[in-house]
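This document starts with one chain, in the form predicted on its own, laid out as structure tokens.
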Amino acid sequence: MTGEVTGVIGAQWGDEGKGGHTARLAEEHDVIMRYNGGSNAGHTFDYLGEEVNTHQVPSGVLFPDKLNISGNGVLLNPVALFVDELPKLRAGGIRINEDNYRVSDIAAMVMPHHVILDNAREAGSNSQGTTGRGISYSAADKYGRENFRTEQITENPAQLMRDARTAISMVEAIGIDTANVVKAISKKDGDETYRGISSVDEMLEQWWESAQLLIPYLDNTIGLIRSHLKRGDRLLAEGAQGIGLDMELGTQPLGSSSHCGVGGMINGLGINHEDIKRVFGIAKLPMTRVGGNGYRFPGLIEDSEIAEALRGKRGEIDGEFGKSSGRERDECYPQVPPLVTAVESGGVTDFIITKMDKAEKFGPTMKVAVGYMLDGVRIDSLPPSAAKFERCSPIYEELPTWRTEDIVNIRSFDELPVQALGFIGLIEEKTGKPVSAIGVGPFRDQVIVR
């Protein structure tokens, strides 16, 4: 008997509600695996009525009997893991240790100099609108084959520390005032990583201490995953960010530094494409985007009253504010082309549409972009370029909306308002893939499965 992999990817620009649905699907699987991204990604779900956030750890940690794996495609930051993420999860009552959580022994690490470089850039005129977590610089070193890998913590620790110090010296040699950058990092709101440190030496020391804590969790995760597949287990691959942020397929340079679709799943876990049987693309009814960095975003809702109603309030479990960055998200009308890209290039076989309870916030009707006009030519998928995307004009269809009270308390597709069924039918018609579930609220039991 051979096991199988089910994937969960973001079908837009991230922030679609992947965490809650991954947590829901995790209950039906034996192994839950993160394959891309790093501490810049935040997944949110409820646990015993409380909000829980994960970043590098898979959402399967809700269930202590499940094995959770951060794969080789994750850009692993030991400090963010042991100073920020794991303490918060454990404080919330979640049991996580080396028995139910493993980390790839060949994952690229986010080092102190990566974080310094990222924050120095974000404070300057060439800001890219990142979270400042050092992800892009870690990825750059990985693709330049100059990266620091988790295996080095045990293979040659003395050389690793020397290289870490040398990297800091090289950053200082190009004129970056590391002392001032570190001071700013130590005061960042909402991020306990490196909080309160006063010098580069302290930053390096905290990184080294966290790297030692990582040792009991390290494993040959590619072999571990393969052994579970041979046993016939069910594995769930959890993606970070979304197809619009993919390194190859997204609207670069406004993207992430990893591969968010099925390609990233294969490489980031070391699995075979034949292992993957189903891929859920998570999409949100009101599409959002964060970190536009000066580019115009087609389909942006200009009516501030509608945008604020959709965004909600800071601190709400479904409020539209970045879980890693705290940044306010831009609200946009629903758009089909990113979903087409998620199918054609991202490998999506089924869609899950979240925030279906928000439709009435648009008013009696809502505009849905079914395509774009780009330089006088119609396109039906996402152009992999921010410059081209900025020139796109949405081609809209107007659809009637439905009342929140008519949808939040039902649990069957057969009971859905005809207007909601019309929207679902449009998505299925344009993408050629079924909508297998919808979310009608922020909690895991507020889901209608077809």
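Note that residue numbering follows the sequence shown and begins at 1. All figures in this text were calculated on a predicted structure; none of them were measured in a lab.
Not on display, but discussed next: the form predicted together with ligand IMP.
- Remark: of stretches 36-44, 412-420, 382-390, 395-403, the one touching ligand IMP in the predicted bound form is 36-44 (heavy atom within 4.5 Å).
- Contact check for Q241, R289 and R327: all three have a heavy atom within 4.5 Å of ligand IMP in the predicted bound form.
- Not displayed here, ligand IMP is approached by I135 to within 4.5 Å at the level of heavy atoms in the predicted bound form.
- For G371, no non-hydrogen atom is located within 4.5 Å of ligand IMP in the predicted bound form, even though that partner is not displayed.
- Interface membership of L236, defined by any non-hydrogen atom within 4.5 Å of ligand IMP in the predicted bound form, is ruled out.
- In the predicted bound form, at least one heavy atom of G129 sits within 4.5 Å of a heavy atom of ligand IMP.
- Out of the listed residues G255, G347, G270, P298, G255 is the one that sits within 4.5 Å of ligand IMP in the predicted bound form by at least one heavy atom.
- Here is the short version: of L245, V115, I225, A107, the single residue with a heavy atom within 4.5 Å of ligand IMP in the predicted bound form is L245.
- Along 5-23, residues W13, G14, D15 each place a heavy atom within 4.5 Å of ligand IMP in the predicted bound form.
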